[in-house]
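In structure tokens, one chain follows: the form predicted alone.
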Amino acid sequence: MSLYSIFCGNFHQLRNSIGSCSSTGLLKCGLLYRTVLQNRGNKTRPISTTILARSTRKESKQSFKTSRHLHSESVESSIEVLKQSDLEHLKSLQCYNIPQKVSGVKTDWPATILVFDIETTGFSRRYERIIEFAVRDLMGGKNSTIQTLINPEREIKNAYVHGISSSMVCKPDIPRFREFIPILLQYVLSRQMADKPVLWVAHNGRSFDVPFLMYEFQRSKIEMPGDWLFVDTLPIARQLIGSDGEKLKSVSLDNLREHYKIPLAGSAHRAMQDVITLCYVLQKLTFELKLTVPQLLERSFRVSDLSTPRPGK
């Protein structure tokens, strides 16, 4: 099955949300909690967030509801954050049963495809830390996305890159990555099809995103599931030919977005915005190069394929 046929069936769900950078659209289809950053507003209004989960063994439903307040003045940006107080509630939620069809397209895929992105405190995979994580299941539907800030327990010196400052994440109510891992594992389990691997997609993933993820698991002393596979869209994009008949001079995510005339969803270099962009790029890329899901699986790698020296403290 080609990715193009998959996108034809359910990509309109993503299309509906790309026109706005607000968290509301993402909240409706994701396992998210919302926090709003503000400058100096004083007026607040309450909003509520509900997570609904369906047990894989029972038809019973559970819901968790919490309230937040947001300022209506001087709002800089909005982000979805898993808070410490939410973690225990999320751990108790049952997995969500994925429907067998999406918009008339059978979901008998050879793998669950998750597009993800991270923001970090720096470039060193060994010594730096993840400070934001976002993922989207290409199948879409309920609970198909997660986005959260991560407390790196250290000062952030590269806020000029992504706009994430120490004051935003170095707080007791922002989870450390070791506390986020159980939620991530449960999310993946809830999306994974029986006896099928999980294919994680990231741009420049082999050199950046995957090693960072690997080291965070190692520091937490938690083993990454053996059926997680990864594919890097960067080397795939190097096969693209421009209108001049030459290979593209740059295949960065920003340049690919411009090449395909994809509108920017929010600010670049934020995890969920880059995930949305990569979902569109993946659609265009696989269609242009006529790549199928099995062919992506052939290009995939495991964390064991990467060199794994002891992570820094």
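Values in this document were obtained by computation on a predicted structure and should not be read as measured data. Heads up: residue numbers just count along the shown sequence, starting at 1.
Below: the form predicted in complex with the DNA, not depicted.
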{"property": "Heavy atom within 4.5 Å of the DNA in the predicted bound form - the one residue of Leu234, Met139, Met168, Ile181 that qualifies", "result": "Leu234"}
{"property": "Site check Val115, Arg257 and Leu285: each within 4.5 Å of the DNA in the predicted bound form by heavy atom", "result": "no"}
{"property": "Partner-facing stretch of 171-179, 143-151, 121-129, 190-198, counted where any non-hydrogen atom is within 4.5 angstroms of the DNA in the predicted bound form", "result": "121-129"}
{"property": "Partner contact for Val251 in the predicted bound form: the DNA, 4.5 angstroms, heavy atom", "result": "yes"}
{"property": "is_contact(Trp228, the DNA) in the predicted bound form, heavy atom dist at most 4.5 Å", "result": "no"}
{"property": "4.5 Å heavy atom contact, Ile222 to the DNA in the predicted bound form", "result": "no"}
{"property": "The DNA contact at Leu185 in the predicted bound form, heavy atom, 4.5 Å", "result": "no"}
{"property": "In the predicted bound form: members of 202-220 within 4.5 Å of the DNA, any heavy atom", "result": "His203, Asn204, Arg206, Ser207, Phe208"}
